[in-house]
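One chain comes next, on its own, written as structure tokens: the form predicted alone.
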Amino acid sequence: MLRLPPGSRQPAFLQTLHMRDPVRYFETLRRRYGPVFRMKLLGFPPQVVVSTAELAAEIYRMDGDGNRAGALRAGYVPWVGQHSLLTNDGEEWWRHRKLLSPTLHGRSIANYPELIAEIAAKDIGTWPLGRPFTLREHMQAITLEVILRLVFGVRDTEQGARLRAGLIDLSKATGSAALFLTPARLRAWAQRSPLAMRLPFLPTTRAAQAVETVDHILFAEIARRRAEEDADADDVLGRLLRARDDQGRPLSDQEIRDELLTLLEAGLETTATGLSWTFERLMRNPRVLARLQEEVEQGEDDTYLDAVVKEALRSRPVIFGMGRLLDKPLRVGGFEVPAGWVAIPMFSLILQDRAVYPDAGEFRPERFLGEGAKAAQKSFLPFGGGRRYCVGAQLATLEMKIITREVLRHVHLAPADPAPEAQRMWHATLIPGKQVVAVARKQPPKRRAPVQEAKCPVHPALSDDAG
């Protein structure tokens, strides 16, 4: 007889209601049942959750032979398409991974830092001084502009405005918790039903309409760029148009479209939210902010900046967890989990593991410096792990470090309210509840710090050719 993990006996409907505050719910379950527990959400397969890096590794060992991440995500983010790295498995996933990875690592992004800094500085120049404003809106604007320039390669002002508006609508339409918690079968039916598609208030209808608008723009842009045949284009779209697999095959227009939307889905809200939490934490920890400000002013090193970014992602993870659909039974933590279940390394729990991170509730970048750094790094999983480790982690870290540095160079930020902002669910992410309300004051002129390339946060020794 199977020894299943312990877990809540509440009906799936009631357990799903707890997802209005997922962080507190997961913490409650861990305290009650231990580091491995099960739960059941309405419309989803039974789930087993693990809350330590060691247990997560047992799940990751089955990647590619015993579990599928793509099959699970296809139900959550169908708008990215069937060719997306997020929704694919098997050989097609591996083919796309090898084609996309080089465009987001090493030499391919070596020219990006100055442009990212320029985009950030331009937006910072519009910030109101001396009165409260929501910082997260500006982090979204900066990261969206980065995507438009570095990923889509948009240069035309009019085309950029259309795509920017379309991507903003798409992000809003696909980011609601209502859409995320809608069971996959019900969501699929609603998107196929002519009746449901005539109901504009449904989250599925809003998402479908936003996708259609963006698709029209993207396919036109892909066709235009193919006709140009620019061999020197260094944006991601230009590189994907030139990419060839081991058999010399290019990516189709549909495949490129799917991967561009993947980078939007995985890189826009996540990076903007990571930056927002970074400043939310810095503003409420003046000692850390002062030390970081000193490093930025000296402009010789970014060691502490790197630790600050890591600690922000640890203390306020953007993604609360990422699961695998089991094709084979899994033995984890002394329990047996049947095939057909979902196994989830829960980042919001792993990154709060007090055995690894003492006083886990404190914001302390020094965890990633000195003697304890190796242990802290080993459990640092905000970008996932295994074969499905986030392909854009290096670019996201680069963005976070450069944008954080630019903000500190230009303004001094203080919280409008000293109380910490609560974590709130937005699709599969955890965002600041009040959007990070800050008050900015002009920094006196300082010597500009040199822009340095960011290293991969989990595998800092990756070479320029890593992929």
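The first residue of the sequence shown is number 1, and the count goes up from there. Just so it is clear, the structure is predicted and the values come from calculations on it, not from any experiment.
Omitted here: the form predicted in complex with a small molecule. The next part is about that form.
Undergrad: Kindly confirm or deny that L86, V318 and M400 each have some heavy atom within 4.5 angstroms of the small molecule in the predicted complex.
TA: Verified in the predicted complex; spot residues all in contact, yes.
Undergrad: Among 383-391, 363-371, 336-344, 244-252, which stretch sits within 4.5 Å of the small molecule in the predicted complex, heavy atoms only?
TA: Going by heavy atoms within 4.5 Å, the stretch is 383-391.
Undergrad: Taking 4.5 Å between heavy atoms as the contact cutoff, choose which of L72, V214, L395, I116 touches the small molecule in the predicted complex.
TA: Partner contact (heavy atom, 4.5 Å) among the options: L395.
Undergrad: Identify which of K328, R185, R97, R331 has a heavy atom within 4.5 Å of the small molecule in the predicted complex; exactly one of them does.
TA: Exactly one residue meets the criterion: R97.
Undergrad: Please determine whether R324 contacts the small molecule in the predicted complex, using a 4.5 Å cut-off between heavy atoms.
TA: Contact with the small molecule, yes.
Undergrad: With the cut-off set at 4.5 Å between non-hydrogen atoms, does F44 touch the small molecule in the predicted complex?
TA: The answer is no: F44 has no heavy atom within 4.5 Å of the small molecule.
Undergrad: Report whether the minimum heavy atom distance between S171 and the small molecule in the predicted complex is within 4.5 Å.
TA: Taking the distances in the predicted complex, the answer for S171 is no, it never comes within 4.5 Å of the small molecule.
Undergrad: Just to confirm, F133 within 4.5 Å of the small molecule in the predicted complex by heavy atoms?
TA: Residue-level check for F133: no, no contact with the small molecule.
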